[in-house]
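Quick heads-up: it's one chain on its own, the form predicted on its own, in structure tokens.
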Amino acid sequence: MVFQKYIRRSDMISCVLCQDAPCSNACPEFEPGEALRSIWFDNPDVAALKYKESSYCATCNAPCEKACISKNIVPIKSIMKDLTEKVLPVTEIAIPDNEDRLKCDIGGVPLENPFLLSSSVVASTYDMCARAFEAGWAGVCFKTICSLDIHEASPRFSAITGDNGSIIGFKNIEQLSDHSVAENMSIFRKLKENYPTKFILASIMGQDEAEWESLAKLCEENGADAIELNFSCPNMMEDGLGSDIGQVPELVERFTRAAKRSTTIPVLAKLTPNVATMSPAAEAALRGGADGIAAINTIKSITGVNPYTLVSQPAVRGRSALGGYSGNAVKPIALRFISELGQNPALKEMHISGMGGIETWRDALEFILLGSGSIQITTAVMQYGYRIIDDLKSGLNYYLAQMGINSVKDIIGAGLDSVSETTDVLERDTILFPKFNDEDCIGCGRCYISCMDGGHQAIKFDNRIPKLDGSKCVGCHLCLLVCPQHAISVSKKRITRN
């Protein structure tokens, strides 16, 4: 993949990823809106291969840009030119002619690809699930079914956004399905009748052993392919529900065993990240008979406090509450827990369904490399829609073909050996210097500022040109991370410490 070197999301930061993109409607030859979306989701190789016939773009008067509704017009013609002149020449293979490499399973039940909607509002009605299936999602984890009388607060979301306005972190105080159990069972039957090859993972939450048992049985009888036990919702803590269960291994084991008593299909325990380590609860689920683990659910959070009302977000008539944090910001925490589960020998035979901050196929790949056999997504869908499945599938499929990997199942856990719980295993005798690219550098001095005030004073800045002082550089690479132009890379040369 050549994304990092030639074209970046920042090149099209003003793109708003329109519904029914006007730029595509204005172009008689291509769908530039689709290409822009692929770039946004780390998939420029596939975009370049789809739009390789660039002769029209070279001579047109850019009607796509004239139709752009963003306040800062996206340089679409320039981006398409980069796709065809910079990205296309270095693509290594053609687009694969099938998606067989993506086939996998949960507990022996086949999936056409690893991608499922996770239990949330994005998978809460027949229509929504049907549209997701039509779009290409392999399955859904339906919004948690319960016998409780659910009434939601308004508003119930808040977010932390990045420089371009996109959501980095997302908080919700949403609860469980507000449909009756009977209504949800009707939805299952209809989905299974109309989409028999799609995977239905039924998320449930009971109030006692009998209810965990009866809900699991009912879901299987009405078409569910597997059961997910919600031991982790941070917004359902009354009377020992939600994450209260996931924090007590004895309860995880007891309620898992109850659900397994009544069903023959795979059962996954969805565990809370609001713990120091997840293995005790995961091992308890295994003792209770679970076939797999789903992780992570959202993290208890406060996203902000209004300085004028003094109420945290989201404010509901002057009050607020802790809620579940999700989005790309939680991915590092999710990967940490996935690696913990993947490295635990006691859990070796258990399926791990990974989630937490996944937006692109690269994000999904990272979860797979650390042990996830399937992938669940919500927040990215809430922000960008079901359509992200196109680039999730094509990007991962292209990567597998490019790497000569025949099945996504062959790389589950392939990255676990590189992970250590402590840093004492790391080599500390050499320095890997940064390398400055004068052609891309604009002389902003951000590297100098960061190195001076947050590093080791190893950059000189004369005539707006940064220069490395090798006698002071310790190879921390802070400068590389803060450079807004990506004009600093990693040198190939290692220097032995004095």
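Residue indices: 1-based, along the sequence shown. All figures in this text were calculated on a predicted structure; none of them were measured in a lab.
Keep in mind that the form predicted in complex with a small molecule is missing from the display, and what follows is about it.
- Contact check for residue 170: a heavy atom falls within 4.5 Å of the small molecule in the model of the complex.
- Taking the partner from elsewhere, residue 298 is found to have a heavy atom lying within 4.5 Å of the small molecule in the model of the complex.
- Shown alone here, residue 379 lies within 4.5 Å of the small molecule in the model of the complex, counting heavy atoms only.
- Remark: residue 230 counts among the residues lining the small molecule in the model of the complex, judged by a heavy atom distance of 4.5 Å or less.
- In summary, the region of this chain contacting the small molecule in the model of the complex, judged by heavy atoms within 4.5 Å and restricted to 356-364, 284-292, 391-399, 158-166, corresponds to 356-364.
- Proximity to the small molecule in the model of the complex, defined as a heavy atom within 4.5 Å, singles out one entry of 320, 120, 113, 184, which is 120.
- Listed residues 174, 82, 211, 244 were compared with the small molecule in the model of the complex; 174 is the one with a heavy atom within 4.5 Å.
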